[in-house]
Every structure is written in C-alpha cells, then in structure tokens.
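Just the one chain here, laid out as structure tokens, in the form predicted on its own.
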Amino acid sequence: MNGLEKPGAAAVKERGWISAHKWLLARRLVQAGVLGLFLLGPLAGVWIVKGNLAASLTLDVLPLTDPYVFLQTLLAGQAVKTTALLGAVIVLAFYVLVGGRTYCSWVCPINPVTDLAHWLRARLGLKGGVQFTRRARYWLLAMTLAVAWITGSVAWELVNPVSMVFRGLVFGLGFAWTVILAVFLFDLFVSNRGWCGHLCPVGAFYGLLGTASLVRISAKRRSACDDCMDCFAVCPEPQVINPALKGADKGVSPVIRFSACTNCGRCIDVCAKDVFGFTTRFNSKEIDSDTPGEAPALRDAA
C-alpha cells in the first residue's frame, strides 16, 4: 500500500469506483433491506415480517429465531415454543452454511456505525488505542450466558446494542441513541474496531457457528499478490489475513478458514490484482496469475 494513497485506490484506478466497492455496496443494501422489512409493519402497516432480529415470523409462515437469544432463554429456564425452536434451527443451519460472522457484516445494524467510526478514525489520523485480547469477546459471551442462568432472565438483551436499535426504531430511539453513540465513540477514540472486532458477544457466538461453514473467501490468485497490504488494512479482523500474503508458507490451503472472517468482501473489493474471491471451504487450489495451475497457497486457520 502506497503511504500516500488510501487502501483500494489502485483497485479504483484499475476497475472503477463501483467495481472496487461492489461488496461494500451490496452489504449496505442488504442491511437496509433487512431493517426495511422489519420496519414496514410498525411504520407503514405492511406486515411482511413481524418481530425483530431476536424472533420473527415472515409472511405468517416462516419462523426465525436468533439461536443466541434462544440459548439464553433456555439457560434462563424459560418456556420456549416449538416455533421458536424451529426458527432457531433454521437460522443456525443458515449461518453454519454461509459463515456465522456473515451476520455481523451483512445483517447487524451496528456494523455501519462501527464502519463509520473506523472511516472517520482514518480520516482524522487517529492512532493507537486500547488493545483487547482476542479472547475478550468469548469471555463476555460466557458472562452473558452465565447471567441468564443465574438470574433466570435474558438480561443481556436489555442492553444489547442490536436489540436496542430495533426497539428504538420502532418505539423511538430515546436511550438507544446513547448506546449507539457510545459504541461509535468507543471505536473512534478508545479502540480501533473495538466493539465488533474484540468485544461483542453476539459476534463471538456467530463466530463459533462459522467454524465449519461452507462459504469462504479464498486467496485464489495468491501468486499475483504484490504485497500492497490493502487487504490487511481494510479487514475488520486483522488476524484473518497474514501479511505478507505472497510470501506466506507454501503447502497450505488458499481458503481463509478462520472463523473470525466476516465474509464482508472488502479484501476482494480493494485488491487491484484480483487475488481474493468467494469460494467453498473445500477449494484448496490456487489459480496461477498467468496460466491455470494447481499451486498450494495461504493457510488453514480452522
């Protein structure tokens, strides 16, 4: 990465702005679409989806239940309906297939907030900040489950930023604005990508679901990499991509299997050499940059 250019500048020159932001734009459309479907009912009286991200019913037929909320409910000793169990199984199966942390980058309404904080932090040239261990989010996840078991209530959902945003949009943001602002300021001034990348227990839970997911991002053309580091700079989970990519050890799969990967596609967007692409966890072949070949690449971090 040229120190005078922002990450992705070369990709914009090579492919144009739209192509160099296609996965980012797709994520924003999906995030807005999900919010829109939930808000159509209470705001416009068109009830395609009833409920929220914790539990919903689509077209009065399809139940969907957040498996994390469902698990907390079970630990709290509360009765659950068969439809809630079915909804949890459906959502669980979906995210095991596409990658658990896909929820974080494609669905979660907090993601645009933390992305904005990261963007502003870069524009202001803010450096440093508090560093958290990668295990912090899992400790917080364990704590939320323990609280549910001890108190007999789904206590975390009372302060969960995601739940508060949905409640706020329907009933008036009120205190939810404070939570959103707190997350934004935390990521901006305290810890770079601190909430989603290090602390959020929701992300920790969905990351566990993605350990064996089918859909992955692959460095399918690693031999074309020029080690510009743009992919590393934009990745919301820096531990996912090891620099320098081209010089990584041979003899390993090019598929990025690390469950922390959010499948956001930003590495695909910013790479002017088209090194990355979506694939499956079973694709362990690297495509040569000049001629088709079968060279091993990258790493297996499962």
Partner chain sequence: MTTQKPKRAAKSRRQFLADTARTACGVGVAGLVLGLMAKQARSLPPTALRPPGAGTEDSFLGACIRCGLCVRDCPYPTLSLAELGDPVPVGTPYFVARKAPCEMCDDIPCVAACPTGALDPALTDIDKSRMGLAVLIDEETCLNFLGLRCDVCYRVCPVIDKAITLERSHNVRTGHHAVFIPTVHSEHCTGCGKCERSCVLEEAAIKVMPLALAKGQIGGHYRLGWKEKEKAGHELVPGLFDMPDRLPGGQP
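Residue numbers count along the first chain shown, from 1. Quick caveat: nothing in here was measured; it's all calculated off a predicted structure.
Beyond what is shown, the protein has a form predicted in complex with the partner chain; the following relates to that form.
Trainee: Report yes if all three of Pro109, Ser213 and Cys235 come within 4.5 Å of the partner chain in the predicted complex by some heavy atom, otherwise no.
Mentor: No, none of the three is in contact.
Trainee: Should Leu158 be classed as touching the partner chain in the predicted complex when contacts are defined as heavy atoms within 4.5 Å?
Mentor: Taking the distances in the predicted complex, the answer for Leu158 is yes, it comes within 4.5 Å of the partner chain.
Trainee: Is Gly129 a contact residue for the partner chain in the predicted complex, using a 4.5 Å heavy atom cut-off?
Mentor: No.
Trainee: Could you tell me if Val96 has a non-hydrogen atom within 4.5 Å of the partner chain in the predicted complex?
Mentor: So Val96 does not count as contacting the partner chain.
Trainee: Using 4.5 Å between non-hydrogen atoms, is Pro42 touching the partner chain in the predicted complex?
Mentor: Taking the distances in the predicted complex, the answer for Pro42 is yes, it comes within 4.5 Å of the partner chain.
Trainee: Since the chain is shown here on its own, which stretch among 181-189, 205-213, 133-141, 112-120 would lie within 4.5 Å of the partner chain in the predicted complex, judged by heavy atoms?
Mentor: In the other structure, the partner sits against 133-141.
Trainee: Out of Cys225, Ala84, Leu92, Val162, which one falls within 4.5 Å of the partner chain in the predicted complex, going by heavy atoms?
Mentor: Residue within 4.5 Å of the partner: Ala84.
Trainee: Does any residue in 73-104 get within 4.5 Å of the partner chain in the predicted complex, counting heavy atoms only, and if so which ones?
Mentor: The stretch 73-104, when checked against the partner chain in the predicted complex, contributes Thr73, Ala76, Gln78, Ala79, Val80, Lys81, Thr83, Ala84 at the 4.5 Å heavy-atom cut-off.
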